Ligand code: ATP
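Quick setup: one chain, the form predicted on its own, written in structure tokens, and binding and motion questions come after.
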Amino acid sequence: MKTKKSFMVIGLGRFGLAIVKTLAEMKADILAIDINEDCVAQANEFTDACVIGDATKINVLKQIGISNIDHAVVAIGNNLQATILATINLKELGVKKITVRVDDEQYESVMQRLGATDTIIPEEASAISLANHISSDNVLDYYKVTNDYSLLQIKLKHDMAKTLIEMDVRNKFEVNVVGVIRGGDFFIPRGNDKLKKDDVMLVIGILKSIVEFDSFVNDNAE
């Protein structure tokens, strides 16, 4: 079983908080930081690892310990200088994956030159999609169907030995594989179909259940 990823979210406004909440629903390890005490208190509802601190100061990041962070998200809003400094600090401290919020697409290339591996222009839906994407390398896209149900595109890392009926997906995980994209072609799978490496599954269900299904099919030779 693959070791669980760890994340840092810097900036806990509406956008950052949506990321923290979604990652928490997926049982990820999250370290959340903001200079605003009220924002930190809100994030504390979803993760115990919350810190009041200034990520623009490299010593603060060193003190809270980010050596084990797999992916950092700089979600600071309306403060370009703070975003730049936090990004530079993360890069200097060796964080390999850094996603940075930018409020204007003209700054995307700037952030990438400073060390960002990815950038995103904020919306709440984008925050949820981002959280789903970074939580698993296999999740390609996310769609919110209702308040409870989501549809995720999940790429399969290896051939499946069992058919969908034999895997008993609906009963074991309470999810449905409603479509498959294979080699650019879409089809609706039947129960006796076996899924193949690089298939992209369209899976619908409660988010937590889909995450468990993704872990099962991609982290286990089944």
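Residues carry their position along the shown sequence, with the first being 1. Just so you know, these numbers come straight off a predicted model, no measurement behind them.
The next section is about a form of this same protein that is not shown, the form predicted together with the named molecule.
Looking at Q106, you'd find every heavy atom of it more than 4.5 angstroms from the named molecule in the model of the complex. Using a 4.5 angstroms threshold between heavy atoms, A82 counts as touching the named molecule in the model of the complex. In the model of the complex, none of the heavy atoms of N44 sits within 4.5 Å of a heavy atom of the named molecule. Among heavy atoms of G16, some come within 4.5 Å of the named molecule in the model of the complex. The listed set M26, M160, V180, I35 contains one residue whose heavy atoms approach the named molecule in the model of the complex to within 4.5 Å, identified as I35.
Checked against the named molecule in the model of the complex, the candidates M167, C39, L195, L31 yield a single residue with a heavy atom inside 4.5 Å, and that residue is C39. Heavy atoms within 4.5 Å of the named molecule in the model of the complex belong, among the stretches 169 to 177, 65 to 73, 185 to 193, 48 to 56, to residues of 48 to 56. For the stretch 89 to 104, the set of residues having any non-hydrogen atom within 4.5 angstroms of the named molecule in the model of the complex comprises only R101.
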